[in-house]
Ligand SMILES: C[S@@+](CC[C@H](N)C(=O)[O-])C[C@H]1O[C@@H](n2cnc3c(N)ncnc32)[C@H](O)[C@@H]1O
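In the block that follows, a single chain appears as structure tokens, in the form predicted on its own.
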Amino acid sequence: MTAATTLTEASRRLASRGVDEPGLNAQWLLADAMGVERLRLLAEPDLPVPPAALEKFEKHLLLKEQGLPLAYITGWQDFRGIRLKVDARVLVPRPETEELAGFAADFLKTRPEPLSALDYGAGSGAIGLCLATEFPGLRLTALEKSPEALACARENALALDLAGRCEFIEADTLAASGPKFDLIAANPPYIPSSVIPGLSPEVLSEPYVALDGGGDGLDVARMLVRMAPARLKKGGALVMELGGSQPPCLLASMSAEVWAEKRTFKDLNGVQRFLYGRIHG
């Protein structure tokens, strides 16, 4: 079997099961099974697929047909230049969350050292650990209510040699976060409870606690807006990822007496997804 024939058949199978981007998923799974770069499969279509790799690929293809997220199958996800361990304990980091981390990094560049940041609802640690990588002097606090997810974040910090600059706290509000921070970054659960049963099997494979944002999806986000000012240094900021159309709903609750600056941002798809607020300095 060559890479080209294997990918053609696999793409057909995934498409017949309604999997989004069947060709791309097949490429990532085969590249992982063979231990090669994905683009090599396209550059060398006649590359032979060893029997052991084909066996691994078939097992993983079956999991993908059943609706399991790609990152859960391969066990990793790339995120702004770092590779994270990802499994069923945590939400799979999305491209939109990479955008959020970019906004967070841009803000930290305006702040004097030493820098500190809180990654609320840390999950795999994606946001906080990429910031700790980009800012060598940054002290990171990863706060997460799920002990299983917090363990995953700790494992990723150890793998990236960042654990010495990280503190891990099991909690569900900012009250337990201790010191004040230059930045609080969060990708909180924001899906309305009633919407969750209708989500795709792939999303439903992810932790329910990382999805459910309550009646209108904003329960956790409102808590963060309310409690963040007390946990921020002067001139510090809160940045959040939310669902489409949700960020403007929170602006009215952000008093000008507390927030010196507040606005929303669109993601690369034009969806109003990000909330930014900076308290008075």
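Fair warning: this is a prediction, and the values are worked out from it, not measured in the lab. From 1 onward, residues are counted along the sequence shown.
FYI, the form predicted together with the named molecule isn't displayed, but the following is about it.
**Q** Going by heavy atoms within 4.5 Å, which of 153-161, 197-205, 68-76, 118-126 lines up against the named molecule in the predicted complex?
**A** In short, 118-126.
**Q** Taking heavy atoms only, is E144 within 4.5 angstroms of the named molecule in the predicted complex?
**A** E144: yes, in contact with the named molecule in the predicted complex.
**Q** Does the named molecule come within 4.5 Å of any heavy atom of S193 in the predicted complex?
**A** No.
**Q** Does A171 reach the named molecule in the predicted complex, with heavy atoms at most 4.5 Å apart?
**A** Result yes; A171 sits at the interface with the named molecule in the predicted complex.
**Q** Please determine whether V209 contacts the named molecule in the predicted complex, using a 4.5 Å cut-off between heavy atoms.
**A** Judged by the heavy-atom cut-off of 4.5 Å, V209 is in contact with the named molecule in the predicted complex.
**Q** Identify, from the list L108, L91, C166, I82, the residue with a heavy atom within 4.5 Å of the named molecule in the predicted complex.
**A** Checking each option against the named molecule in the predicted complex, the one that comes within 4.5 Å is L91.
**Q** Heavy atom within 4.5 Å of the named molecule in the predicted complex: which of L250, L232, A31, V220 fits that? Just give me the one.
**A** Among L250, L232, A31, V220, a heavy atom within 4.5 Å of the named molecule in the predicted complex occurs only for V220.
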